[in-house]
Every structure is written in C-alpha cells, then in structure tokens.
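Coming up is one lone chain in structure tokens, specifically the form predicted alone.
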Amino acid sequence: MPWSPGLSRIDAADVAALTRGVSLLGSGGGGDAATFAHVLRRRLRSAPLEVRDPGELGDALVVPVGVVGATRLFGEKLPEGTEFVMAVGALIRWTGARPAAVMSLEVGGLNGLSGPVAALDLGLPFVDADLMGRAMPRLDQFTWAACGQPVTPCAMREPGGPTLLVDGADASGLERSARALLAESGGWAALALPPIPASLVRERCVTGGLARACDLGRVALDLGSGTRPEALAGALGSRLLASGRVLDVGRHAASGGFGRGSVTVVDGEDSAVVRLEAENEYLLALRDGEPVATCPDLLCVVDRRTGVPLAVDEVRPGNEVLVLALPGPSWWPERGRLDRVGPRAFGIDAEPILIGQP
C-alpha cells in the first residue's frame, strides 16, 4: 500500500484509524490502546495537535515519553492525568534542559497514542518519531541503546505516587531500576528519557511510525468486516500466512519476568499448520515446521470477521483468524542492528526472515 508522506497534524477524526494502526504495529503486544484513544479524542476536541518535522526544529530538544511496565494493568489502574507533566518536569529540574517537542518511546500499542497525549498535556508540538518503530518489551531495544545514546538521566512517575529519577545507568541498569519501582507500585509508570537535538532524530530514531499507523488503520477501517483475506492482506502491504481457526494456545512463564507462549492455527485452505512463537509480542511464524517470518517484521493475528488485531493474551482456541506478516521498520536491518531485535535477542535459535530481505 502507498504510505502518506507524513502527518502535519492530528485531530479527533484520526483517532479511530490511529488506534487500529498502532494495534497492528504492536504485533500482538504493546498494550491496549483503548484508554489512550479515549483520552486523546477528548483532548483533541478543542484543537488539533501540531506534528512537526524534526528537520524544522534544528537543534531544539525533543523528549521521548511513554508508559513502561505491565501495560495490561493500564485499563485497571487509570492515569490521574499528570504523569507525563510530572516526569518531564523532574527531568527539566535535574538537567536544566527544556524540551521544545515530544516524541514517543514506541509506536506500537498504547504508547503509539501516549506520545500525542503527552504533547497535548505539555503544550508542545509532537514529532512523529519513536525508539522502536513497533512494540518491543525491553529498554535495551530502544534505537538509542543500539546507537550508544545514553538513556539516563530519566524520570519515571507512577500514577498517584512518587517520581523516581535515575542517572548514571545504562539500558540494562535502567531496566532493573524500572522493574524494582514497578514491582512495588501500581505496575506501570510514565517514563521520560533525556531529550536530544531534533537534528539527530532521523539518524537515531525511527521516523514516520504514526503516519504509517494512520495509513494502516484507515485502510483496515475502510475495508470493513467481511473482506476477503487476500484482499485485506494485499491492501495492508502484508503477506497472508494463514486463514483459519486457532487450534491451540500454550502459555508458560519464562526468565526475566516475561511470559512465553505459542499459538497454533490450521489454515482453512490447505490445512497447513502455522505456529506462532510469542513473548509479549509475536516473534516467529512457522508453517508446517519451517520458519517463514520473524521479528522485527510485524506478525499479526487478526479476527477474521471484524479485522481487529488480537493481542497475544487475547487469542483463544476456536478463534477464526488471519495471520499476517507486515514489513517491520527499515531502521533495524541496517548496520548489524538485528542482533538486538531479531529472534536470537529473545532466545529463539533462528535467523531473521524479513519481508523484502534476501
């Protein structure tokens, strides 16, 4: 599908498409975007959000913000509405650096919409860039970490609780600090990372993710329910890996506090068995035992009737689904970066198999 050149602004009419699109870019993870969709739609009633090209901002500072932790708890422990302002305010007090714009930590799942909400809360324009280009579970999978860009000083604000400022830690140390905070709090927190000059955004971040989400969402919503599987896959620029019924879902605990699981789908056309290996997101697809697609491409399980993406923890035996593979962000396959986000980064002994790659 042809992608639009970019977003110049976001208004309330865009929220439905954005919500569907960030859910696809979540690749089964990233959390439910519904709560932030409601907040964003309400915030946009009075005025649209300005989206700036990083090239227009010179060396003005851009601060990445988002939610970390157990995103499935977000709908149960609702934000009080000041978390992003408090986190960025603490960062400004510690560093003295005042950001001129906001970007997202990741574009997949609920964080695809948390960045725009934070920009509105802070009264700043939004830059369509993020640190993953999709959803991924670990802080060392930020593009910044891959570039050697420091991830501290940073600030985390838990809902209704204190603000924690972390300095002098690398991505692994920040991950440990975040887990310690989240284990003793409500399970999630707003995170603000150190701002960088806008002139470095194109080199060290994935750009255009929210524009892509909007395009994907509009296509999916325009097609509506009942679209032929091949037509939906083609319209989204994806590969159709299976169209059939979920036969089995297995889940078990894994190291590092993450869950692991597999989803088995029997294709209704040729009875091929497609198995998806998953952690927080879908990571690997095998068709009759042969690997056919992997992260960082986007593996998506979509309800065949409604076209709504199903998260890893939502899939149940008996679901009628489509399994799709969409191209992942082009930033990751460059310069040996796949070691950080390919299958082996998740302990799966398989080479990356990416759409459009030899």
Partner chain sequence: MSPPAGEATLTAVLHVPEWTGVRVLAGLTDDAGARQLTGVVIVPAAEVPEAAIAGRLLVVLHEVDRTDWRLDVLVRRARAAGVAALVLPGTEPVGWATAALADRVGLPVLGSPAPLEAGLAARRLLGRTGEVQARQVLRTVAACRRAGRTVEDLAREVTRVLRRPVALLDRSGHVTVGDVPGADRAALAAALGSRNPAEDARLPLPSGVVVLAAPVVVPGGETAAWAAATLPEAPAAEEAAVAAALAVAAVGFGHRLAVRRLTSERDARSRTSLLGELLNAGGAASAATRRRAVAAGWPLEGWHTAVRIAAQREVDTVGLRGEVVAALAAQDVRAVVVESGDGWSAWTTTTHEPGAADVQAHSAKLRRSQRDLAVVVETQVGVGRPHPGLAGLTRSLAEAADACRLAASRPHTGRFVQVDQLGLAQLLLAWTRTDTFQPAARSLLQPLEDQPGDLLHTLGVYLDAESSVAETAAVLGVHRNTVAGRMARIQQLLAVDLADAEQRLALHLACRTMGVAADREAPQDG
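Numbering follows the first chain given and starts at 1. Predicted, not measured: the structure shown is a model, and the values here were computed from it.
What follows is about the form predicted in complex with its partner chain, which we do not show.
With the partner omitted here, the stretch from 225 to 233, 106 to 114, 184 to 192, 245 to 253 that lies within 4.5 Å of its partner chain by heavy atoms in the predicted complex is 245 to 253.
Residue in contact with its partner chain in the predicted complex (any heavy atom within 4.5 Å), chosen from Arg287, Arg138, Arg239, Arg218: Arg287.
Contact annotation: of the candidates Cys147, Leu200, Leu78, Val273, the single residue with a non-hydrogen atom within 4.5 angstroms of its partner chain in the predicted complex is Val273. Remark: Glu277 counts among the residues lining its partner chain in the predicted complex, judged by a heavy atom distance of 4.5 Å or less. Within 4.5 Å of any heavy atom of its partner chain in the predicted complex lies no heavy atom of Thr152. Its partner chain in the predicted complex is approached by Ile348, whose closest heavy atom lies within 4.5 angstroms of it. Among heavy atoms of Ser172, none comes within 4.5 Å of its partner chain in the predicted complex. Annotation for 172 to 201: no interface residues with its partner chain in the predicted complex [heavy atom within 4.5 Å].
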